[in-house]
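What follows are structure tokens for two forms of the same protein chain, given separately as structure 1 and structure 2.
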Structure 1
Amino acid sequence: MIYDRNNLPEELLNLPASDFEALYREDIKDEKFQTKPVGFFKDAAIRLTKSKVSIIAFIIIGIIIILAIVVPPLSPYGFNDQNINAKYLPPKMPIVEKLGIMDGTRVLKSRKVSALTDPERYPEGSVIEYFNVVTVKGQEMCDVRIDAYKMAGVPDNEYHWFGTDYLGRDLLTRLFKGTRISLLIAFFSVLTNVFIGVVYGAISGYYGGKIDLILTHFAEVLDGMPYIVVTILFMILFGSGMVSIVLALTITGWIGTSRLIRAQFYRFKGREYVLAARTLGVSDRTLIFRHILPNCVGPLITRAMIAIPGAIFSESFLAYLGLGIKPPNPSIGVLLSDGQSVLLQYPYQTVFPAILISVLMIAFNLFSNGLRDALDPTKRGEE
């Protein structure tokens, strides 16, 4: 029988409670709703920790930063302690030297066999072996393996793990001192670029119109200036040093960040929650920094992490051209520049800085890739 909902019988309108049966059980609960809510950054951290490559890269970065802080003050040699008698010493490391690796020896080519017995040129115990003996114009010549430390009069208990440079300065101490300076330059320049880029891009993207047009064209003109010419001008005005390098890396380095922030503001400023806040009388400053800018944090952090290895490479490039830190302060670029002039004779002076900067660049790039994926809101909640 079909009833009209406006003319239902009385018995159907007053059904007793006993006619109803509960279709749920209080002892059964959905386990998925028993966990605590996961926020955006917590979810990003969980996904980041699941990336083994990113975690390994982060650990490598942390180890290098710790060594840059700890090694210079704990080293028995100052970064500018000079010993001309101990110049160009090869690497020598305890324990490893017993394996014939980094044992402080060097091979000298085409030496007179008769001169090997001269105690002034070859002190006792400095000649380990000689080989490839040939006779040239009645004179016996050979290649000789020497203990460079005994030949320089350095005590047996003195070790230079990465060798010494042309002034007898310990390269291990100078390398990690230079790493500290290079990292400081990179961090300061990136922080400055992020600050300027966020403010500039936020104003440009939020207000739009003529303000955006003027600011965008100014950034394009600035971006078109020759980088090397601008850097040289800064070096002439302020001298070569950390401040000049940071300014040189900052003069156009913020433009990419400002473009990113501008695009994000165009994306979010028309959202309903922003329009509702503006209707309620919220000020522009609050809308920019409280309601819109937090949505840009993920891409901003990722870009900053990617910019750090770029800044380290740029500093090394400037130092390689002779526009780096003032002597005697080292940096990775300064050490590479000094080492390339004696690359064939003493390759270790270039190898160790090159390995360190390569590891830093790769580690920062791998970590920034993992951070980019972790902060991607489209992947939120993925296992």
Structure 2
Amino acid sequence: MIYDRNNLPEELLNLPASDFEALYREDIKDEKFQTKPVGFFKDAAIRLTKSKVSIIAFIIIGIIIILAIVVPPLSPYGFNDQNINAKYLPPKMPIVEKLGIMDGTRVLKSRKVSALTDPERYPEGSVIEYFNVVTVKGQEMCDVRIDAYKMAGVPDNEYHWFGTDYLGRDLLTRLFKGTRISLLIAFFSVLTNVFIGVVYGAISGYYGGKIDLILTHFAEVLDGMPYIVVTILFMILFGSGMVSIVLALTITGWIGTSRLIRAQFYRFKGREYVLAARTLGVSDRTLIFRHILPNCVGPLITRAMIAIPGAIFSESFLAYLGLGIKPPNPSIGVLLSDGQSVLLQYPYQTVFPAILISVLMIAFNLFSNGLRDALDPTKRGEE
């Protein structure tokens, strides 16, 4: 709507004269930022805590770590306490047992009905019910649900929440002892990888030129070696054990980190502020550690976090190949591999470590995804 100034409508005529007072304000300034400046890590932390998924993943990881620390010493059983009488006991957990699961019972198939009353074979109270009675060649056969604990003559107050293995070792204790070992392996292998990768990548990226060329080519040749092959050869050479697993995972594991660091160094070493510091006579070491490296921290943390589930996976993978840690020490992989061999008879031996490793891997992946998004500088300031 365009108004003719000489022919204005009613509502625009005779406005109060004071409205047309000119203000002539001279104090117009660019608006100050009303918010406080937020540092990189604070900003990342804010965004991380806004992601519900990341928080849940973080809590799950925390709980599993705490259980790995607390369960083995608090458990009435040692992780290597053998009890020949109590082998292959199914899970039995107080309170939950009343629900009809994890109650220490097991179904035995095709048993003679007549033998059920034989106290030699079925001690008193061990037979709970029998069903599917069929007559085969004049013999009455049935499936029978038995209380494995009573049958093994284990005291009533003895509970193995996750059951026992072929040596009667308590699987709950072993699982969390194993979790502890797996996490330690993952942690240390990632730590060494990051350390080597940072040093190698920093030297390569900072000095450039011939040194860089040689180092990069060496890394490239090493990187071509399939990591499965290298780790297996290495494990055979140096034997099983925690230290060799950590070293085996390090041989090619650091290359990705070094590449990342090298790229970051190339990006930042030409920046004005670095050149300025250099003209002021700042030493190489200070330049590397004070001026350039801090720029790499974000991607480095993300990378390390993503590498942890990878290392946990590798450990279990090696365990499946019989190249895990030294017995009798458990790890998640060793428990899984042991469980696999009796999967169809005693599935509970696989179920618990399988759930644990799955939950742990999912949690680590989700958390590192969240961390990556939070530390991504292009997403700064987003909610």
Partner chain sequence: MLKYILSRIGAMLLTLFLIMSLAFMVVRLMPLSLFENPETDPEIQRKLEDKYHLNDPIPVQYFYFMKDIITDLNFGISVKIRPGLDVFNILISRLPPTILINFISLFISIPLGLIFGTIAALNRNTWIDHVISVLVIIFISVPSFIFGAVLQYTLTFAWPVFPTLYDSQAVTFAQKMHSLFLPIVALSLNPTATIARYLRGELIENISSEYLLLARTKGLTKAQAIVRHAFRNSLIPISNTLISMITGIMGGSLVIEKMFAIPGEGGLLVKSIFAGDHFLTVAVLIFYSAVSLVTILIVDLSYGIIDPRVRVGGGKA
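The shown structure was predicted, so the numbers you read here are calculated from the model rather than taken from an experiment. Basically, rigid core = biggest C-alpha set you can superpose within 1.5 Å across the two forms. Residue positions are counted from 1 along structure 1's sequence.
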Pick one: which structure is the form predicted together with the partner chain? 2
Is_shifted V229 between the two structures (CA, 2 Å cut-off, rigid core): yes
